[in-house]
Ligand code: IPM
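Before any questions on binding or motion, here is one chain by itself as structure tokens, the form predicted on its own.
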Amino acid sequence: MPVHRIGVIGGDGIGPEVIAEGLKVLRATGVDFETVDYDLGGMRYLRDGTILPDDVLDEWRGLDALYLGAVGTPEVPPGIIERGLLLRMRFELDLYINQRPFVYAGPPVTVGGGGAVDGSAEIDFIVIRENTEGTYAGEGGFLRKNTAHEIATQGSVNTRHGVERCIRYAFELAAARPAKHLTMVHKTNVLTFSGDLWDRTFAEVGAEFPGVDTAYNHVDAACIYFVQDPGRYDVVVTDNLFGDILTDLGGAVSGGIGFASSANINPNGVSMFEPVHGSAPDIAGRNLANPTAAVLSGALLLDHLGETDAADRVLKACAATAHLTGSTTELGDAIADQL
């Protein structure tokens, strides 16, 4: 059996704590792997100004996967670590698919003090977010900055190549699932240029998948449906910005952000797996963070490496312990014990 080489970036705040529990669970599966640790994130930047060296990127290309806890600390101005580490990682490694599963079966979930999810609250859908283009590509700038007549522009970069490969991935995923349904989410009535490209590409690629039923939602309508009727969704495909927003909402309606996992995938190269809850510096070092999102991200990592049986066992272990409360290490032990 192969020995998988996994790069581990614990990062900042609760990142190292939840990743430690994730690695505990991965080891409990019996899958053979070795880790290569990387000290990167906000605290590293504060020490010596390092964000993401070129030689580290080159090393990552030779690994089988990357496992990231969380990065960012209040002492570092916003944007430095996000763009210099996270976005650079996505662009340089071409992690063009962001895949986030949402699974929940239980009582209705109250979102933000408002109404609850209707019906039986059965949720089982996946959001595929284009991960390297859109408004995060960095197109834009300032004119007359810091004056009364300042102008700031932020463009959205959408290429046929980037849109098509994302949509095709989503169709292939939907075709392999029982419901065989794919919804595209955009804002085609207002974003008439990028929306037109997404709409035409969706229709053209969809013609190659006659067994997949399709639908379209404006993003504002999708926000409503995510809360009121999430059971209508199977696979959702959307652009970078809308996907960023919708997936956090998906986490809220499917048990909380502590259960939200993600995969940043290059189907032909090294991919990165991370919980999406952030570094939560206010509870760092207090053994309070829920490690389940990190563990579920580890399951996505296993599945990507072809360890599908181990991945399924981790998913079942997380489902069996989802009702438990406890410290970070106690929950990690409980999940590992299920294995």
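Just count from 1 along the sequence shown to find any residue number. Predicted, not measured: the structure shown is a model, and the values here were computed from it.
FYI, the form predicted together with this ligand isn't displayed, but the following is about it.
Though this ligand is absent from this view, in the predicted bound form it lies within 4.5 Å of a heavy atom of just one residue from Lys187, Arg90, His181, Arg165, which is Arg90.
The listed set Leu246, Leu197, Val253, Leu86 contains one residue whose heavy atoms approach this ligand in the predicted bound form to within 4.5 Å, identified as Leu86. Taking the partner from elsewhere, no residue among Phe273, Asp303 and Arg313 has a non-hydrogen atom within 4.5 angstroms of this ligand in the predicted bound form. Not displayed here, this ligand is approached by Glu82 to within 4.5 Å at the level of heavy atoms in the predicted bound form.
Although the partner is absent here, Tyr136 sits close enough that one of its heavy atoms falls within 4.5 Å of this ligand in the predicted bound form.
Of the candidate stretches 217 to 225, 197 to 205, 128 to 136, 231 to 239, only 128 to 136 has residues with heavy atoms within 4.5 Å of this ligand in the predicted bound form.
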